[in-house]
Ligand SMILES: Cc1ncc(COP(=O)(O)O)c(C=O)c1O
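Before any questions on binding or motion, here is one chain by itself as structure tokens, the form predicted alone.
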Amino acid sequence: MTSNQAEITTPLQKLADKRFEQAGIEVWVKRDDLNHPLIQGNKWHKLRLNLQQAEQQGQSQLLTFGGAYSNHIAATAAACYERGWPSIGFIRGDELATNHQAWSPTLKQAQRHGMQFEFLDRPSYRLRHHQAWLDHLQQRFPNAYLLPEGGSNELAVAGFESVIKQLNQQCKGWTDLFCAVGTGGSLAGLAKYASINQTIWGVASLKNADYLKPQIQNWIGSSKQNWRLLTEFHGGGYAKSNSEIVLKTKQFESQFQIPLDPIYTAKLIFAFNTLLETNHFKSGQKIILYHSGGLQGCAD
């Protein structure tokens, strides 16, 4: 990813299913998993403007935070690898420092792309929101551009304006979009640039995600209410799942030949199917399922 890399138009793939016909709805998948081989989906949009900002500030290293299954960690490492920049990941879980066998495919890929890790225990990891601790890190790494967990900040949110522009061109009159939610930046960006008649449904991948709502609303702006956060489809918590999610994932992948990642998009599809089966949708809705990538998390 270079600062002047052109915006890529990814396919909007229509799905055919008798259930959709019976409900009177149309359904598409926005294949942003195809926008970059390594910096997939929403991460491409979140990083693009932040990389430009780092370059303008004369910084040539990225430092960020995440768990062992963080797509953001993998994407940040890949973006720095492409540029020849060093990257540092502060990773939640000090037990991983001496247990390489427990590393996720995501961590292994980030390491292959040159990311250096510092593993933190849970209390230390919570300091990532404390300005004094961040100031100390900036002093330790003066050439580093600090990215928050998930890459979610104002610049990341702004990166989704181009996604909405593409969707408005590809599917005039779409009414609803479902996206997976980790830190809330993608949901905020999509809702901020969508019209008030287009509803963005965020599917939280972690437990007790209601705490994200104030920050999401702040990024969007207080006057806009065209979004919802669904918190009941996490499957047990972040990086966890259950038999229903696994079954719906296999059925979707088999039917449509579109791969899903287990952390985010699998739960997105589970939520959509649950709402479909409970007659949540109204005839005439045009629904887009946003594929945010993360496929490096599927295999070693």
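Residues carry their position along the shown sequence, with the first being 1. Note that the structure is predicted; figures quoted are calculated from it, not measured.
Note that the form predicted in complex with this ligand isn't included here; everything after this is about it.
- This chain is displayed without this ligand, yet in the predicted bound form the stretch 174 to 182 from 107 to 115, 220 to 228, 174 to 182, 81 to 89 comes within 4.5 Å of it by heavy atoms.
- Looking at residue 46, you'd find a heavy atom of it within 4.5 angstroms of this ligand in the predicted bound form.
- This ligand in the predicted bound form comes within 4.5 Å of a heavy atom belonging to residue 186.
- In the predicted bound form, this ligand sits within 4.5 Å of a heavy atom of residue 264.
- At the 4.5 Å threshold, heavy atoms of residue 71 reach this ligand in the predicted bound form.
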